[in-house]
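Below you will find one chain, with nothing else, as structure tokens; this is the form predicted alone, and questions on how it binds or moves follow later.
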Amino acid sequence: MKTGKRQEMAEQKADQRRRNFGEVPLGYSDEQAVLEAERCLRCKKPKCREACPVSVPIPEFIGHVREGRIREAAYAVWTRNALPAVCGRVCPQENQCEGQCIVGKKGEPVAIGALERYVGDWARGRPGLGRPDIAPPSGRRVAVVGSGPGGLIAAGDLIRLGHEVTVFEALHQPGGVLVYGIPEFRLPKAVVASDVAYLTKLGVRIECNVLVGRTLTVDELLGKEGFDAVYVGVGAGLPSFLNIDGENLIGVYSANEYLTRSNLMKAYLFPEYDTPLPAGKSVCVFGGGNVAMDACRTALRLGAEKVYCVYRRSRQELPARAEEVRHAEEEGVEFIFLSAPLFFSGSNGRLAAVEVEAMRLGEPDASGRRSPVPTGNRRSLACDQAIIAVGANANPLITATTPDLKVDRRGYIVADEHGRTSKLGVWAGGDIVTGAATVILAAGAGRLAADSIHEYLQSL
């Protein structure tokens, strides 16, 4: 069994990719995939699988890759994850499956994410590939609200269990945050479309341009529309702002609007797509998570001369994936740590600068990270565009139109560990329950809810 050096995935060079929207990591070759799969120890008690929110049978699918049986590897992954090409690209494997890999205790962990991507891409290139077994029709109908990762995983599980599933998506294209939030260079839209197409091939019906809470309510889905259960996986789509002076100046965007214009509405292809998104020359992005990295790197690709990532804590506290931070730095993003914005200023209604204050780190807060403390030292940064990427809140559209659906003090839906809500027949999961988190955690919530919904439907 080989446990030597990890296979490094080829990438676009930084000086080239910083001006195009092509994918950065280029994937494994067949030879690389086999060599990497050979590093797996096939543990009897695989902690990697235990650390996966959707419990992908990791040693099993890697074993198939090692033997060159990629079709079998795809089916093994599909038993637990309908989105392998997506999750292989955007999941924080370093904190989950790879973080528990035994090989990683004395060296580099097996590249589980890269191998899952390899298998997903192999299957994606073979649209004629068969489908896994589907249970006989149960006669039960489930509505899934939101076509993000949690909704798609739930839909995939429920359709395979024999239930009729319809996914309702508010926007004009399915995929949720996978298409409106994550840029093309990190997750190509064709990859998302392929995984969605796999679900439709299984029998999942997807209806776009349906805004549940306006077009239809949850009560109407359970009533006149005839659904037996509803899963709410709408994410946390209400942008957070800094609430400082000057935030209404032209040139200040929420990351939600900025990335949606660029990604879903393809502003980066203007004028081919008629969705203008003015390019800033000097751009300040506020925040330190993956969304902030996406905004920084998008601004560069849209033509910015300088991009600053302003973060109120130190580098050690950055919540973004290490790979995303590395890519941003390689492409020319300049990080300004221990700095917090005080106010924006401008002329004729347009942004011209932001005043920031230097911070120091004090005692840990509720998140376990040391709290930023103002020092009184200030400076001004010239910028003609600012992007606020400091998180998101619960959109109240569904909860406001479903009065017997219990929410917490922040407006998030209250659900138990299986996704059950206070309303009979309604489950919820992902960011609308937990607050903004990761793709794979939302997928895990969808999986748990699907199991619970199936149990409920069997009891009817």
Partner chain sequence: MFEILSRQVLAQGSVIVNEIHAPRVAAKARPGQFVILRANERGERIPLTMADIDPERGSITILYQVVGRTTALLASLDKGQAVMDVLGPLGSPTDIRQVGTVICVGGGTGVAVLHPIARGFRRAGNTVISIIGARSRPLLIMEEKMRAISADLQVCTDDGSYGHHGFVTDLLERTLRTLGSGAALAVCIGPIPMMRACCRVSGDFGVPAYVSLNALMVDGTGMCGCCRVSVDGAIKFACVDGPEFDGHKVDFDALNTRLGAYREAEALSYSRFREMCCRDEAGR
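These numbers were taken from a predicted model, which means no experiment stands behind them. Positions refer to the first chain, counted from 1.
In what follows, reference is made to the form predicted together with its partner chain, a form of this protein that is not presented.
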Answer range among 70-78, 335-343, 249-257, 186-194 for contact with its partner chain, defined in the predicted bound form as heavy atoms within 4.5 Å: 249-257
Which of Leu202, Leu222, Val210, Ile102 has a heavy atom within 4.5 Å of its partner chain in the predicted bound form? Val210
Tyr198, Tyr308, Tyr268, Phe168 - the one with a heavy atom within 4.5 Å of its partner chain in the predicted bound form: Phe168
Exercise: Asp274 in contact with its partner chain in the predicted bound form, heavy atom 4.5 Å: yes
Does at least one non-hydrogen atom of Arg261 fall within 4.5 angstroms of its partner chain in the predicted bound form? yes
With a 4.5 Å heavy atom cut-off, would you call Arg326 a contact of its partner chain in the predicted bound form? no
Is there a heavy atom of Thr217 no more than 4.5 Å from a heavy atom of its partner chain in the predicted bound form? yes
Since the partner is left out here, which residues of 172-187 would have a heavy atom within 4.5 Å of its partner chain in the predicted bound form? His172, Tyr180
